[in-house]
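Quick heads-up: it's one chain on its own, the form predicted on its own, in structure tokens.
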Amino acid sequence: MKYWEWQTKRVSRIALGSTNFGEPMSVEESWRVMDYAREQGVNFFDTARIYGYWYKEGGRNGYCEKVMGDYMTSRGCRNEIYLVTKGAHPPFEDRGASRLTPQCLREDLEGSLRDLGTDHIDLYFLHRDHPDMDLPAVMETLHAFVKEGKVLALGASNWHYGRIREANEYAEKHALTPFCASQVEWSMAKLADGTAGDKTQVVLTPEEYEAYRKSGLLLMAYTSQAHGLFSKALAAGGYESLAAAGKLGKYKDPANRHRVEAALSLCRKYGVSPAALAVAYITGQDFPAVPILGCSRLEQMKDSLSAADLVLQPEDYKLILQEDII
């Protein structure tokens, strides 16, 4: 049995994101969000070493990890949480540089363990890829983390599928721990140019979608609600009103005219909110797929989880996507 096939027996199909923990949400509000998520059966918590670095007040590497770590310690719930964090993000001011070295990986992991108040990470991601990284050295270092018991499983965030396959082929050849999970940007919406703007981020493509479906890898979707595009469209009175107001952001692709209106029609059909429908779009896939849900206040999380059991039908996906695959 593959690692992830076993883990899905105890891990929720929805993950709680933490980029806003501590700011703009207060620490107290962040704790309330975590309490509510756990009450709703969400035990998959996602954070990263870099989260919180950009905060105006008290920002530093590990800030959001510390908020989450203090929460788990206070609630005594660490063993109830499937904990994800990410390391080796490039310097925040220089995204083109690389920190994918054994020294930086070790530094980030030890810092994460300290701030999260734990002795192990359930699923540890490399936060970005870099073309000049020493892949053998990185895979050897990650395998050492697993052998030490400080990491239980490995993932790659913002790596193209081909790079993950390359890394896993190396791992298999040298009896090392492979990647079992990936994180990319993915939602019902289509990006205007197929990119996230930041060249170090990876957006799911139709070709890679098919590769993941066949691979058995866990696929985690960040920005899974398209920055609230569908909720904003509902509030504005539809796609055209949102477009006229110049509020499409990076979702100006013409395909979104249909996708938004189709999604809103499904909201009416099922009596759910756009945020809840966006969650169901990911959780209803026929392979392991998990949306990462962030929020800036508790009410948003309640909205996102308001129809967590909704299962979309094949005709619903066809309505949203028309001839597109993802």
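Start at 1 with the first residue shown and count on from there. Bear in mind the structure is a predicted one, so any value in this text is a computation, not a measurement.
Below, we turn to the form predicted in complex with a small molecule, even though it does not appear here.
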(message) Quick check on residue 223: any heavy atom within 4.5 Å of the small molecule in the predicted complex?
(response) yes
(message) Check residue 62 for me: does it contact the small molecule in the predicted complex (non-hydrogen atoms, 4.5 angstroms)?
(response) no
(request) Answer for residue 294 alone: is it within 4.5 Å of the small molecule in the predicted complex, judged on heavy atom distances? (result) yes
(request) Report whether the minimum heavy atom distance between residue 247 and the small molecule in the predicted complex is within 4.5 Å. (result) no
(message) Which residue, 143, 160, 232, 78, is the contact with the small molecule in the predicted complex, using a 4.5 Å heavy atom cutoff?
(response) 232
(message) Please identify the residue among 228, 117, 111, 178 with any heavy atom within 4.5 Å of the small molecule in the predicted complex.
(response) 228
(request) Report the stretch among 129 to 137, 203 to 211, 152 to 160, 93 to 101 that approaches the small molecule in the predicted complex to within 4.5 Å, counting heavy atoms only. (result) 152 to 160
